[in-house]
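The chain below stands alone and is given as structure tokens, in the form predicted on its own.
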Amino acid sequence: MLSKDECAIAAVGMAQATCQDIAALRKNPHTPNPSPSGRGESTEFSLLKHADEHTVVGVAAMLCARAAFPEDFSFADWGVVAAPRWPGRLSSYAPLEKYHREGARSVSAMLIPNLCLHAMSGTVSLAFQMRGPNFGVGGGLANVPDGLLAGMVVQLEQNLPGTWVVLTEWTREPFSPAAAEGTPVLQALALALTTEATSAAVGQSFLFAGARYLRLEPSEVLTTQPAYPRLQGLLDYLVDPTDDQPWWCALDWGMDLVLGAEGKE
């Protein structure tokens, strides 16, 4: 039995791509390693033609997680919360340069709906035929806790069959000084949150808000957990979880978000 501030994680999907890989994913976002069933998707992904890079890789992560559900499973009443980190930067650079050179008529009207913060959640809801609430949150350094918290609140407050949380982030920003240190990779994580404990199919993983680490002194928190957790740390935990130490991040007002193999005590 789940507590009132706890969600089960029913499915996890991951995807990643370099700048060169994204062009191919835009035409076919299916992950290179399909599910064992080899199930194909009938969804048309032409809507990714003008989509932001974060949306393209986010849809690929969704397709990976979709394989955990039966083929005829319906997500019609599910919600979607997307939390990209700094979306729209690459896709907006060239149009902005063109705008300055040639004026407003030279920029496509498709730019804004495909690059805004809510573009990823809206595209996911269309691609997977969902009619539940969908919106984007975060967009900046705190995109991981913002996305997890918003997704959990939507699921708990709306009592939906489930809520998807899609997180995306570059390992290093393309064309930034940091890009010289290694190839930038855009990472995406899709989590299916539910309030049914029996549906936790990912090593019985759960997400909840708690005060497990509030006993730490402020100085200890600063040295134990980065102020803004990166998506890479969460991905590493999900790939190889530790039984005695859950993944967690501190929220601004002192509470924690905890993701672990055991539910809330």
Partner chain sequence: MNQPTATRRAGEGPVWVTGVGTANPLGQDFRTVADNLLAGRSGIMRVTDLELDDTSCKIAGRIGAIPVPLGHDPAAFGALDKLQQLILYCTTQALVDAGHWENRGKLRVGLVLGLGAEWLRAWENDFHATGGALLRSPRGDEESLIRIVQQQLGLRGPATVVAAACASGNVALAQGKNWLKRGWVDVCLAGACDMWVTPMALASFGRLRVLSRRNDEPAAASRPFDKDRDGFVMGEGGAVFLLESARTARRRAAHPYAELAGHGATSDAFNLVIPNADPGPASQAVRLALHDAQINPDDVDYINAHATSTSVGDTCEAKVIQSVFGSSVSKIPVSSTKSMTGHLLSAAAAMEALACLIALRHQAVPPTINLDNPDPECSLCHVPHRARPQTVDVAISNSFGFGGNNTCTVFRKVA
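Numbering follows the first chain given and starts at 1. It should be emphasised that the depicted structure is a prediction, and the values quoted were computed from it without experimental measurement.
One more form of this protein exists, namely the form predicted together with the partner chain; it is left out here, but the text below deals with it.
- Using a 4.5 angstroms heavy atom cutoff to the partner chain in the predicted complex, all of 122, 136 and 150 count as contacting.
- Residue contact with the partner chain in the predicted complex: residue 185 places no heavy atom within 4.5 Å of it.
- Interface membership of residue 77, defined by any non-hydrogen atom within 4.5 Å of the partner chain in the predicted complex, is confirmed.
- Although the partner is absent from this view, residue 194 stays clear of the partner chain in the predicted complex, with no non-hydrogen atom inside 4.5 angstroms.
- Taking non-hydrogen atoms only, residue 115 approaches the partner chain to within 4.5 angstroms in the predicted complex.
- In the predicted complex, the partner chain lies within 4.5 angstroms of at least one heavy atom of each of the following residues of 82 to 114: 86, 87, 88, 89, 92, 93, 95, 96, 97, 99, 100, 102, 103, 104, 105, 107, 108, 109, 110, 111, 112, 113, 114, in sequence order.
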